[in-house]
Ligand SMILES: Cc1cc2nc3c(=O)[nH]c(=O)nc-3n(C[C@H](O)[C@H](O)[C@H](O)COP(=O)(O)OP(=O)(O)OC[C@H]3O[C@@H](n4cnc5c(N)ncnc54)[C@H](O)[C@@H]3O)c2cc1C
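Next comes just one chain, in structure tokens: the form predicted on its own.
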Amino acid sequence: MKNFDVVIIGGGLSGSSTALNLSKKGFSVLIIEKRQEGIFKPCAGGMASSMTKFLPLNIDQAIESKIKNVEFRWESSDEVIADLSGESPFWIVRREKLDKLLIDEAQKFGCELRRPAHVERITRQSKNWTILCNDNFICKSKFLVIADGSQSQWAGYFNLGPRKPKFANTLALRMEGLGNISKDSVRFEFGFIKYGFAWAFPLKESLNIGLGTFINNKLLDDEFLNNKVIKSFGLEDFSFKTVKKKLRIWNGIHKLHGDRVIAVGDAASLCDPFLAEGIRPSLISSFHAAECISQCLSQDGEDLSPYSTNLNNEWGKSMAWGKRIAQVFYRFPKTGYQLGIKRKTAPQRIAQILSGEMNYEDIAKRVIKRLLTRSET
């Protein structure tokens, strides 16, 4: 039986980046990932370039596009464009490449990877966790990181995050060609999707397209996607396969740590409840998780509470306002578009949120007041 300082359940973005941060500090780390390598990641791939401060490696190989402006439309018309300030503050990455870069780099520093493998049982013995996999592999670890995504089996088991997670229904696909999307623009299409929106993010020679609905748990319709959304992006080829996923979104301030265990990324219910952004909270949570676990290992300590405090302060306070905006905006979408998106300063503010220059708290009170006042009249 092998012993590790840290075992990470899940080898996606949050798990692999946590592994890299810890491996570079000299700790013994094992990633247990249930999926085979190279599987399509149904992720838009939008990433604020400022997030590289949380990544101790060069990710140029994974960057497909550098975005200069953000487009907003209401049912293929009424377009609003916001220019991004600064030099390349928002990137589109290919998630398959980014995750592999992180895992490969972590392995250079001694991190071990077991895939495909599924964790079947976790038990506690004194100060160590014992992990049993479906292939009868058994190991021990001083600390655990739960990074198994939105469909996490283990976050609830350890009472990490909300007791009753809130989910957005999403549908994602990747199509060859860019349609009518500029290679240096991303587009958000409102009006077609009830309680949500559609998006198109350009890779070098293809589009990451997605739909999301954020309240009332409304289901998404493939046929509707064919007839409306795909055409709005200038595409005519309907021979594609979609990936449907329930995305665990932020739903309140909660404890994200337990006794020698931490949840990160989507498993911790950190995804943006308004724009469905998941990369930024994954990288932020992974960084803070590694810092907190590192301090405990270095000082023979057990207190992981600073992790929850830091995450709730740095991310949760902004998301509390993002949730309020989403609840009002998606219930009154036309009003929201007219008073929010079309307002002179609003598109630039949303662009600044995407690039990490601003948070929802900076704009929320004024936006919600305008939306509620108009919806009541």
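Residue numbers run from 1 along the displayed sequence. Keep in mind it's a predicted model, so treat the numbers as computed, not measured.
As for the form predicted together with the ligand, it is not shown, yet the points below apply to it.
For the candidate set Ala82, Ala276, Cys139, Val261, a heavy atom within 4.5 Å of the ligand in the model of the complex is found for exactly one residue, namely Ala276. Residue-level contacts in the model of the complex: of His257, Arg187, Arg94, Lys245, one residue has a heavy atom within 4.5 Å of the ligand, and it is Lys245.
In plain terms, the part of the chain that comes close to the ligand in the model of the complex, with a heavy atom within 4.5 Å, is 28 to 36 out of 324 to 332, 342 to 350, 28 to 36, 62 to 70.
No member of the trio Leu101, Ile181 and Phe233 reaches the ligand in the model of the complex with any non-hydrogen atom inside 4.5 Å.
When contacts are judged by a 4.5 Å heavy atom cut-off, Leu207 does not count as touching the ligand in the model of the complex. When contacts are judged by a 4.5 Å heavy atom cut-off, Leu22 does not count as touching the ligand in the model of the complex. When the ligand is considered in the model of the complex, Pro89 lies well away from it, no heavy atom lying within 4.5 Å. Ala172 belongs to the set of residues with a heavy atom inside 4.5 Å of the ligand in the model of the complex. Applying a 4.5 Å heavy atom cutoff to the ligand in the model of the complex picks out Ala147, Asp148, Gly149, Gln153, Trp154 from 144 to 162, in order along the sequence.
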